[in-house]
Each structure stands twice: as structure tokens, then as C-alpha cells.
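Single chain ahead, written as C-alpha cells, the form predicted alone.
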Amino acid sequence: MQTRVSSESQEVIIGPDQPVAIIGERINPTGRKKLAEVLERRDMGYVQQEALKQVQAGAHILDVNVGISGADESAIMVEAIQAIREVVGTPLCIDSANPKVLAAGLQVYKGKVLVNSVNGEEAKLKEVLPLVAEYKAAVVALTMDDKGIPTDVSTRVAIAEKIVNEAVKLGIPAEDVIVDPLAMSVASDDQAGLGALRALAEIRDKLGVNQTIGASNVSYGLPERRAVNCVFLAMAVLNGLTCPITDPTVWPVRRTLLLADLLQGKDEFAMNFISAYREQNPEEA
């Protein structure tokens, strides 16, 4: 099952038979004080720098979240999309919890965008999925609902199935729904990593859809977070993860995903890994 997203000039194909597609996470003010400050000033130069940095580091899609308290998020989203488009042709992922912001971004985006996100809450299904259908977009589906984030695998799978079914009813193809089974911190629940991996595998086997996940969530509160994230990503890829939301500028993370592709036979003659390694280590080229 393939999900295709595009800009005016580039198309990215996400699928289990494709190399892992990296969704760059850095354009998000959560925990990034400088980004929050420049967004508040409506200064898009820094946003453009972050876009370029991530694409140069191997991002295939860029997540764009501009949510800051008290600001006109819709207007800032439009400005950010337009500014990013001036410097890179990479497809984008419009990221907001506010359907009005999603709508503003969809109206100006040229191509097939990824919307982040919808979940199993009845209000979200009614507000977000019609937008996705209207603009023929793809959408990230979070496995949570009106009762919150479930800890058990079966409920996560059931929510994913519900969202896919509701999307299909509105004319959104199942391949345009990318499920996020929601990784939680193993510092607070030592079964959280295993639960996310099992959810990935069951959703893959039952629904066949592409899947994303925010890998850094799993290591929150732990030492050696980067190492934890990398091991989790490698395991997640084997269980159905096809397009993680992560930071491609962190070489160990990118290296992990390149090696996962290589060891699964998705990197002919190891050229992607070798090329990226040489870029990272020019003195050895």
C-alpha cells in the first residue's frame, strides 16, 4: 500500500516496499524557544533555515507546526508554507490541532499535502476528515479517542480501523490514512515500548496502511535518549513503521534508518548509506 504526497515539483512515495520516508520534526515550537520567538515576530528566515537544514540532512517531508499561544496561527501557517516553498520543494505536513489552521494551510498548499492530524474523537472525525477529502490530502490518524490514549493494543487497533473506515466512507482511500499508534515513555511505563511495537505490527497486518510515530516520546525522562530512540526506531521499522516523525539532522537517527533500509534490501548496492556516510565524513571521501 503506497501513500503519495507531493509539492509542485516533488513526489514522495511512502510504502512498505519503499525506503523509510523521514518526516522532519524541527519546525515545531514545542520545546524550541528560538523558533517560538521568531514565529511570534512573523520572521520566516529562521523557518527557512530549518527547512533547508532538514532537507540537506535527508528529510523527505517537512512537518510544519506553528502553534504558539496568543498568535494568529492560521496566518502564520500560511506565511510559513509560502516561506518554506521559496527555499525547498519538499512536500509538507500541515500540523495543527485546530481545524481552522489546517483549512488555512490546505487552501494555499499546491500539491498533495499530509495533514497532521485526526484521531478517533467524534468531533475530530467530523471536523478534519471532510477537509482531507475536500482537498484530496493524506492524513495522520492518531490512535486515541474521547477516552484518551489507550494502553492496550487491541483498542489502538480498533481506533485505527474506525478512522480508516470513516475516511473511506468520505472517499479518502485507505492508502491516504497514515496511522500513528502513539509511542509513550518507557520511563513511566516499562511496557510502553512493547505496546507501541505490537500495535505497529497488528495495524500493519490487519489494515496494511502506512504508519508513523514520534520516536522521541519513548525515551522521555531517560538518560541516553538518543540511543533509546535509535534502537526503538530500528525495531519499529521491522514492525511496520514506514515514515517516522524525527530529526534527520541527528546523524545517529538518520544512520539507523539508512541501515534499516540497507539490511532489508531497500538500498541497492548500499548507495544511499554510502552517499550519506560520505557527506557526514567528507575527510574519508
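Because the structure is predicted, anything quoted here is derived from the model rather than measured. All residue numbers refer to positions in the sequence shown, first residue = 1.
Here the subject shifts to the form predicted together with a further copy of the same chain, a form of this protein not shown in this document.
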property	result
Answer option from 250, 259, 68, 38, heavy atom within 4.5 Å of a further copy of the same chain in the predicted complex	259
The single option of 18, 272, 264, 10 touching a further copy of the same chain in the predicted complex, heavy atom within 4.5 Å	264
Every residue of 223, 227 and 231 near a further copy of the same chain in the predicted complex, heavy atom within 4.5 Å	yes
Partner-proximal stretch of 182 to 190, 139 to 147, 76 to 84, 102 to 110 relative to a further copy of the same chain in the predicted complex, 4.5 angstroms, heavy atom	182 to 190
Non-hydrogen atom contact residue 255 with a further copy of the same chain in the predicted complex at 4.5 angstroms	yes
Heavy atom of residue 28 within 4.5 Å of a further copy of the same chain in the predicted complex	no
a further copy of the same chain contact at residue 129 in the predicted complex, heavy atom, 4.5 Å	no
4.5 angstroms heavy atom contact with a further copy of the same chain in the predicted complex for residue 239	yes
